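Two forms of a single protein chain come next, each set out by itself as structure tokens; they are called structure 1 and structure 2.
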Structure 1
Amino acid sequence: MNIVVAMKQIPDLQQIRIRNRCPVLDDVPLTLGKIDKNALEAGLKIRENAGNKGRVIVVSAGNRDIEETVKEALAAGADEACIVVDEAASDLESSISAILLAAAIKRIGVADIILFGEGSGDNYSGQVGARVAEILDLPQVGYAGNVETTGRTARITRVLEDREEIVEVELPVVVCILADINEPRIPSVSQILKAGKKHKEIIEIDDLTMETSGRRIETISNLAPETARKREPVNTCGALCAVLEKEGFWAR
């Protein structure tokens, strides 16, 4: 069984600073999105439940740094990676991202389960998984909180607003995984060292004979919310209690 996990390279959200209400991305390291790591963990558990007879293959599109970033997934347990290199991949419109990922998946050949996070950690459009399913002409199941496989059938629990829904679908299938449904594993030192030796297929954007320059996202404004501070002086515990009570945050 080939389990394909799509993962996106994004800035480390924990290290982004705000200056004059604008995010400062200088020197912020790149990492794989948190929800994508949930999808990877789901894929690793599917492989384990199948007796470790399958392979987990990561697909991604990014700039030259993606080769280094994807080692996170290989260290966590993925067997190999297929990467499309495009220096402006972070600005691609979701329809083009889907085409690139679909092309990478076709290079792999047989893909039994294709896992996506419900949305990326930066733009969170939630469109790419469904678009890839359409391009590959595969069924797609979203809001997945659990995925189990028996033979050529996947049993997927969809977590909806007011209920859970269990869906059974024949493989191959595209599944969009919910955030925080599991705790992504932390690789050991030996796994990190071995990750660099695992196979990575690199696909240059020029090899795909497709034009992407006119289908990019331009961020016009990205401002943090303004914070209005009351600036009320508090010199004693009693004064603090009085201010909190006046603002409705505390009652005697």
Structure 2
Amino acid sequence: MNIVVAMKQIPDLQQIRIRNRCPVLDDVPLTLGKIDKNALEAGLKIRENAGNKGRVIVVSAGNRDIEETVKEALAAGADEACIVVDEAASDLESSISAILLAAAIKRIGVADIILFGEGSGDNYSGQVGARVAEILDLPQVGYAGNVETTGRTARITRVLEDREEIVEVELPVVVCILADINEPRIPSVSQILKAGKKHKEIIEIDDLTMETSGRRIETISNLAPETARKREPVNTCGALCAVLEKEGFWAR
């Protein structure tokens, strides 16, 4: 069984600085999305439960740095990587990422379960998995809290706001994993050292013949929110009640 995990290269969100309300991304180290790491961990667990048969393959698309960034996933247990390198791509929008990832998945050939995080760590738009499913003409299940396989059937728990539903579907399938459903393993020192030696298939964007038909989203502004809260101290519960009354939230 081949388990494909799509992961996105993003800036380390903890290290983004805000200057004059604008995010400064220069020198911010690149990493892989946090929820993507949940997806990788889920992939590793699916394989373990399937008697450790099959391979876990990471796919990603990004600028040249992705060749290094993907080592983090290889260290965490993925067997190999297939990445699309687009030198111009620093900020790929969802529709284009989906096309590149789908191309990488086709290159792998057999993909039985294709895992995504429910959303990327930076943009959290949550579209790419669904878009890839459409391109590959596969069924999809989002917000998955659990994935089990028996033979060629996957049994997936989808967690909605107020319900959980269990669905079954024949492989192959695209599954988007819920954030925080597992604790991604910390790679050991020797796994980190071995990551660079694992197989990496690198696809140059120019070698792909598909159309990406340009951007579909324009960003008008992207600024840190201004906070203009009153910060009025309230010293007693009585005073707080008076405030709630004055603002019309409570009546005596």
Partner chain sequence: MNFDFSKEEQLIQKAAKEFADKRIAPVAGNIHRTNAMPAEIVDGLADLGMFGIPFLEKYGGGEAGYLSYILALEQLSKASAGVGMIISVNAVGLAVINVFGTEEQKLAYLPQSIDGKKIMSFAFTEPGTGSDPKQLTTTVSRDKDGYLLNGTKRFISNAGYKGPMVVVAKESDTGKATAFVIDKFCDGYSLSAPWEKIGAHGGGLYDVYFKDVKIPAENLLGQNGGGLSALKIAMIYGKIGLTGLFLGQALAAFEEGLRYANEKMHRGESIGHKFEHIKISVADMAMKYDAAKWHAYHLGWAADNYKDPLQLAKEAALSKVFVAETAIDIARISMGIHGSYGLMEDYKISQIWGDAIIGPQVEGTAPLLKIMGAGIILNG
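In this text, the rigid core denotes the largest set of C-alpha atoms whose superposition between the two forms falls within 1.5 Å. Residues are numbered by position in structure 1's sequence, first residue being 1. This one's a predicted model, so the numbers in the text were calculated from it and none came from an experiment.
Can you spot the form predicted together with the partner chain among structures 1 and 2? Answer is structure 2, the other one does not fit.
Thr227 C-alpha relocation of at least 2 Å between the two structures, rigid core basis: Yes, because once the rigid core is superposed, the C-alpha of Thr227 moves 2 Å or more between the two structures.
Classify Leu13 as shifted (yes) or not shifted (no) between the two structures, where shifted means its C-alpha moves by 2 Å or more with the rigid core superposed. Stays below the 2 Å threshold, so no.
C-alpha positional change at Gly238 between the two structures - rigid core reference, Å: Displacement of the C-alpha, rigid core superposed: 16.0 Å.
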